[in-house]
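Quick setup: one chain, the form predicted on its own, written in C-alpha cells, and binding and motion questions come after.
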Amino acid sequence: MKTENQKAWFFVLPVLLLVAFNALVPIMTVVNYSVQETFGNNVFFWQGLDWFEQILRSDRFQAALGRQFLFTFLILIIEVPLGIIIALSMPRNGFWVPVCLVTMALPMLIPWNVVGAMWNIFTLPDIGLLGYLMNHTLGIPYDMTQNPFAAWVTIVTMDVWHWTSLVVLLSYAGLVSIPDAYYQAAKIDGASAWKVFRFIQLPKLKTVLTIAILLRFMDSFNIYTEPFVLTGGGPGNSTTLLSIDLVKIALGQFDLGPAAAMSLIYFAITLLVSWLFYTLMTKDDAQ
C-alpha cells in the first residue's frame, strides 16, 4: 500500500500560521466594530446585530451589490472565452512564442491605480485620444463622465484589457501541456478542429480554467482601485460598485459600524460564491 509523505506540511506550516495570524487580527477588529457604535473619543456602545440587519435591508446596499454582480458577470463571460481563443491562436514553438507571452503579460505588470489613470485620460471626451476619436472623428457620442452606459462600457473594456492576459497565460500553459499523442490520435480519426477542442483541449483545460475563473471572480468582485480612479463611481452612482460604496461609508461618512458589517457580509458573499464555483466545476472529479 502506498503511503503519503506528510513531511511537506512542516515546511508549509510556518507560512500558514503567519498568514493566518495576519488575517485573524484585522478580521477580529472588523468584527469588533460591526457589533458596536462609536461617537468618537474611543467610546463604544454595544449595537449587536443591528448593523447587519440595516445593511441587508438597505436599498443602497442591494443596488451596489447588484452592480457588483453585473460587473463580475460581464467580466467572466467576456474574458474567459476571449482568453481561450487567444491562447488557441498563439504559436506553440518558434521565435514568436516568447514575444507573444511577454506581450500578453505586459498589461498585468502595470499598477492598478496607473491603469485607472491611463484609461481616464485616454477616454476623456475632449482631450482623450479615444474620446476625441469617438466624438469628433467617428461622430459617435461618447462621454463616460455623463453617460452611464458609456461609463460601464469603459470600465468593462478597461478590465478586459488589463486581465484577459491572465486567462490567456493559464490557458496557454494548459494547452502546451497536452501530449502530442492526443492530437495524433485525433488526426488519425479525422476529427475536426471543433471536436479536438471539445473532446481533447477543453477537458484538459478544466483545471486551469477553474483556477482562472476563481481568480477572475474574486478579483473582479472585489475590484476597487481601477474603477474608482476611472469614474469615481459616477456618473451619479451608476458605477458605484459594492467595494466603492464600502469605502465611501467607511472613510467618507466615517460610519465604522455599518462599514464593518458590510465588509463582513461582502467577505461572506465572496467566500460563498467562490465555494459554489469550485464545487460545481470540480463536481465530476469527486465522483
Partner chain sequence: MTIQLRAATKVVRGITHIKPTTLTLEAGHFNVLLGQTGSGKTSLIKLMAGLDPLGAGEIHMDGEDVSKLSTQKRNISLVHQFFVNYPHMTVFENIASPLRVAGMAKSEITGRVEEAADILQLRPMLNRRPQELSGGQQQRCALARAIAKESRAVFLDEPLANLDYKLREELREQLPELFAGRGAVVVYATSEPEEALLLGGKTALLNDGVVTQFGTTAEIYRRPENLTAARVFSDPPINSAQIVKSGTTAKMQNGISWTMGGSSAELPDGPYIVAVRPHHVTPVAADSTVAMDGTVLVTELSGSESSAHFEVGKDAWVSLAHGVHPYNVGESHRFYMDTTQAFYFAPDGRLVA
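Positions refer to the first chain, counted from 1. This is a predicted model, so every value here is computed, not measured.
What follows is about the form predicted together with its partner chain, which we do not show.
Mapping the unseen interface onto this chain, residue 187 counts among the residues with a heavy atom inside 4.5 Å of its partner chain in the predicted complex.
Among residues of the shown chain, residue 107 is not one whose heavy atoms approach its partner chain to within 4.5 Å in the predicted complex. Looking at residue 200, you'd find a heavy atom of it within 4.5 angstroms of its partner chain in the predicted complex.
Taking the partner from elsewhere, residue 73 is found to have every heavy atom lying beyond 4.5 Å of its partner chain in the predicted complex. 191 is the sole member of 88, 82, 191, 130 with a non-hydrogen atom within 4.5 Å of its partner chain in the predicted complex. Comment: its partner chain is not present in this chain, but in the predicted complex one of 112, 182, 161, 122 has a heavy atom within 4.5 Å of it, namely 182. Heavy atoms within 4.5 Å of its partner chain in the predicted complex map, among the stretches 133 to 141, 95 to 103, 165 to 173, 191 to 199, onto 191 to 199 alone.
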